[in-house]
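Starting off, we have a lone chain in the form predicted on its own, written out as structure tokens.
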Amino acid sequence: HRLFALLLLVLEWTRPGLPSPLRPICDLRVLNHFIQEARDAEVTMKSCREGCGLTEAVSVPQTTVNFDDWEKKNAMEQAQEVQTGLWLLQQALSLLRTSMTNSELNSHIDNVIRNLHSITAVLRSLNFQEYTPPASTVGPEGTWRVSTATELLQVHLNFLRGKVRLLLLDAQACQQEAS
């Protein structure tokens, strides 16, 4: 609930004096908050000794960014890549959540999952199409598999710091605001 309040607060900050439809959320402080919470979850995970493992390997998005390839993609292709990655991370983190028995970590993972849902809402505010998960269970291209919770949380953190940040920085709705 704190996060929802933070999101509303940021919406309030980014709103001009005039009433308007849902404005794009271009303030990176929201993402920075999510990145900090992801880092906290990763640090907590590293100190966990029991009840905090994955029961099976999970598919996660590639986090490395080849800037030449990224720049060649249009905004919709970039958004699709980010949304696919967010969806994969939600699936993987939900699996981690059900396999963990460590209560301190559970609250971190719950937070991280809520933050992913919030990022999806931010993307909607920027007029990116809603993501439709693939019908097949085969991982989409550009994925790899991790088998530990620590690796999963590192991928999550790096994905937010990399592709999600790039997408938000370059979002057309935010460029129009700046001009």
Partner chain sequence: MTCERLVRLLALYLTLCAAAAAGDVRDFKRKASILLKEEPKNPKCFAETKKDFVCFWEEDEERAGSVDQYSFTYAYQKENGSTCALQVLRSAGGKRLFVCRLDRVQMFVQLDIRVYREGIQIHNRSLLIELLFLLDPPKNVTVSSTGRQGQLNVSWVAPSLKYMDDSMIYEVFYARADSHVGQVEAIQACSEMILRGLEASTKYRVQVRVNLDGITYDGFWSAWSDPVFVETLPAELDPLIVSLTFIVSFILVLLCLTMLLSHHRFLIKKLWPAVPTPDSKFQDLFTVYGGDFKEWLGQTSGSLWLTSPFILSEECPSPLEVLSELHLCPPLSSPPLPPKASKALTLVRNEDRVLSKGLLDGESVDRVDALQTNGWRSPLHDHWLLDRLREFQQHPVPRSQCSLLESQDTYITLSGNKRTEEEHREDTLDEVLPPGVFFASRKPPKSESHSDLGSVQQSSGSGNLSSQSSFEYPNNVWTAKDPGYTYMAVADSGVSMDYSPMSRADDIGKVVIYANDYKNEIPPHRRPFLVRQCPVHDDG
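Numbering follows the first chain given and starts at 1. Just so it is clear, the structure is predicted and the values come from calculations on it, not from any experiment.
FYI, the form predicted in complex with its partner chain isn't displayed, but the following is about it.
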With heavy atoms only and a cut-off of 4.5 Å, decide whether Ser118 touches its partner chain in the predicted bound form.
no
In the predicted bound form, is there a heavy atom of its partner chain that lies within 4.5 Å of any heavy atom of Asn111, even though the partner is absent here?
no
Does Gln36 reach its partner chain in the predicted bound form if we count a contact as any heavy atom within 4.5 Å?
yes
May I ask you to state whether Arg145 is within 4.5 Å of its partner chain in the predicted bound form, using heavy atom distances?
yes
Is its partner chain close enough to Glu77, Glu81 and Leu96 in the predicted bound form that each of the three has a heavy atom within 4.5 Å of it?
no
Which residues, if any, of 63-81 lie within 4.5 Å of its partner chain in the predicted bound form when only heavy atoms count?
Thr63, Thr64, Val65, Asn66, Phe67, Asp68, Trp70, Glu71
